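There is one chain below, alone, in structure tokens, taken in the form predicted alone.
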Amino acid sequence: MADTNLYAVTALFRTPDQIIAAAKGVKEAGYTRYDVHTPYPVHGMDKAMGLPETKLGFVTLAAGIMGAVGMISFASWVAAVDYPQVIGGKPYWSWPAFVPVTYEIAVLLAVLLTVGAMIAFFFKFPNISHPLHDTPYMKAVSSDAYGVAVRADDPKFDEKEVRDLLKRLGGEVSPVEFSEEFRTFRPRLFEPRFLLLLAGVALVSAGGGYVTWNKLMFMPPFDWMMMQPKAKPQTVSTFYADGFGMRLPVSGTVARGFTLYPYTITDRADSVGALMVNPLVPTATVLSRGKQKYLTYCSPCHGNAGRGDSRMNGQFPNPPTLHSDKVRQWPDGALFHVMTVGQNVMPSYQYQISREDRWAVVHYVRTLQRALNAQESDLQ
């Protein structure tokens, strides 16, 4: 009969090949409750031991699914029930917007619950003791040796047979017995000392976080970003005599390098256009630049070919075609004027498209007009 105080019979080996052979030998002998300990992962050990797939993956899968379902349900409730808003013409329940945060929450919950399950169920926390801890065997396999431990609760365990087997495999055999601490341990989650420890950790964490983010970060030198000399918009300023933080441009001046556009949206495009000449030569580079800007800023409403076939799905009124006789007869300056100040529901693009790029877009529009309204001379 096995010693009731015996936990396992262990054996130490000195090379990776020996421990692989020992693992195979223990497995072939029919033992199922044994473990192998090495100072680093040994390639092929899982196969040598015949280990089945870990059940921890199912915990991770279930936690990930729970996180994904919970997050998309919460996002759907907020977007469609509690706080519905129309954003960019999309419906209330627009699932592509939920994908990034759903993915992140699924991964986060999977990681946290996997670690929690591993600690609580697989490692039996708060039990942090183990019969192998602090034994010469564990000290050796944590440094430069390799070990096998056959547990005494194995159905086939016989101490003499196990010792003989491990000696035949070339191991240095020694028994490991249960410590008194391990045998008498009982999980006590509601023990006052344990609860006081949790409360202390919570108080220290909360207090440290509060002091750090509400006090420390507002003290020198950490407040240098907040306390830098600056004037915030729409606030009172003690620096200027009039007390205003927002400053109007100095009357009668323009910014350095800025060319003032003297016309407004009230001026007729054809009249203003007659006063301006396109300063760019329609080279391949200019046309390529104009095409790029046109496709970026103009094509969503005017269409890729300028026919007025908007891709905005009715969110804005469709603009007229750029191939009408009126637009084709406009001077280049008229097209430039409309892009600069806007027209009807079309906004100004002078801050999105530079002056030269607007002239390049004019050249590209002329190219589209000529391509879709080609004359017989163009085909010769």
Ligand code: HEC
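Residue indices: 1-based, along the sequence shown. Just so we're clear, the structure is a prediction, and the values are computed from it rather than from any experiment.
Absent from the display: the form predicted in complex with heme C (HEC). The rest refers to it.
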| property | result |
| --- | --- |
| Heme C (HEC) in the predicted complex: contacted by all of Ala8, Leu12 and Tyr34, heavy atom 4.5 Å | no |
| Partner-proximal stretch of 61 to 69, 25 to 33, 38 to 46, 314 to 322 relative to heme C (HEC) in the predicted complex, 4.5 angstroms, heavy atom | 314 to 322 |
| Non-hydrogen atom contact Ala360 with heme C (HEC) in the predicted complex at 4.5 angstroms | no |
| Partner proximity in the predicted complex: Thr54 to heme C (HEC), non-hydrogen atom cutoff 4.5 Å | no |
| Partner proximity in the predicted complex: Pro347 to heme C (HEC), non-hydrogen atom cutoff 4.5 Å | yes |
| is_contact(Arg355, heme C (HEC)) in the predicted complex, heavy atom dist at most 4.5 Å | no |
| Listed residue (Ala145, Cys301, Ala117, Val286) with a non-hydrogen atom within 4.5 angstroms of heme C (HEC) in the predicted complex | Cys301 |
| Neighbours of heme C (HEC) in the predicted complex among 325 to 345 [non-hydrogen atom within 4.5 angstroms] | Lys326, Val327, Trp330, Leu335, Val338, Met339, Gln343, Asn344, Val345 |
